[in-house]
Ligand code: IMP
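A lone chain, given as structure tokens: the form predicted on its own.
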């Protein structure tokens, strides 16, 4: 069961891009599938260079990994082509023929909607409007655009063939559990379900082909836009703690709160992870910055992680200690013997 699904456990911005990039470098998967849409940015940093990706899989750092855009995903043609050029993945990326395409009219429709923009806090990327057309069965798909012809194919067949051959495939989810259209803080949510089950559905992979579900949390929680954020801190307190962040796509300041164990337990219930990844532990324990071995982490950091692991009842296998994709403590061999 070689499929590994990576999903967010909070409100997005958990560090899924970093985790997927690390797994790509560490495990050298045969394939990687990006689900979701361009309203969610995944940041990848490696060897001093930063990429802010909205549709190309964060696993692109692994040079022999084939990259796929899921049929359930949504993208803009200009965003897709720009990122293909920026990442240098021409020749090893495929967009499914059924991937939905966002057009200018969708962006205009969304940005003119005062409820979406001012009340809900939409990113204004046209994703919701395109989803409406998809539900109405009138949205144009990747196969309808000549400029995408050389990239279009049947990603579902190829990905499943890789899995049937025993190859490793990473499936990159988007946003976070509590932004799910069905399971999140409705109406302050995104326009799709973003839990592990939905991510698999978007990619066209059956649940019996999954070996691991990795649920990603940040050492503190953040949220962009309106909606509930338990334990939210005033901006000045967030700044004092060094937790000030800005959205990858919108540049808006992120609201901040300490880690919430009870909500994390619900995210675990909804996603049934086999592993948990915690990013930005260095924000809580500065001496952890850049460490890549468990024994090199400060004692206080190890205690914090072990205490959290005990409360959540799921192994914390990956611990992000800095911006670079390889700034990661990997405990998988220690915990699972592999």
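Since the model is a prediction, treat every value here as computed from it, not as a measurement. Residue numbers count along the first chain shown, from 1.
The same protein also has a form predicted together with inosinic acid (IMP), omitted here; what follows describes it.
For the residues 265, 105, 252, 92, the 4.5 Å heavy atom test against inosinic acid (IMP) in the predicted bound form is passed only by 252. 190 is the sole member of 155, 195, 190, 75 with a non-hydrogen atom lying within 4.5 angstroms of inosinic acid (IMP) in the predicted bound form. No member of the trio 35, 169 and 210 reaches inosinic acid (IMP) in the predicted bound form with any non-hydrogen atom inside 4.5 Å. With inosinic acid (IMP) left out of view, the stretch that reaches within 4.5 Å of it through heavy atoms in the predicted bound form is, among 172-180, 213-221, 257-265, 75-83, 172-180. Taking non-hydrogen atoms only, residue 226 approaches inosinic acid (IMP) to within 4.5 angstroms in the predicted bound form. Proximity of residue 231 to inosinic acid (IMP) in the predicted bound form falls outside the 4.5 Å heavy atom cutoff.
In the predicted bound form, at least one heavy atom of residue 40 sits within 4.5 Å of inosinic acid (IMP). Under a 4.5 angstroms non-hydrogen atom cutoff, inosinic acid (IMP) in the predicted bound form has residue 120 among its neighbouring residues. Contacts between 124-151 and inosinic acid (IMP), taken as any heavy atom within 4.5 Å in the predicted bound form, involve only 124.
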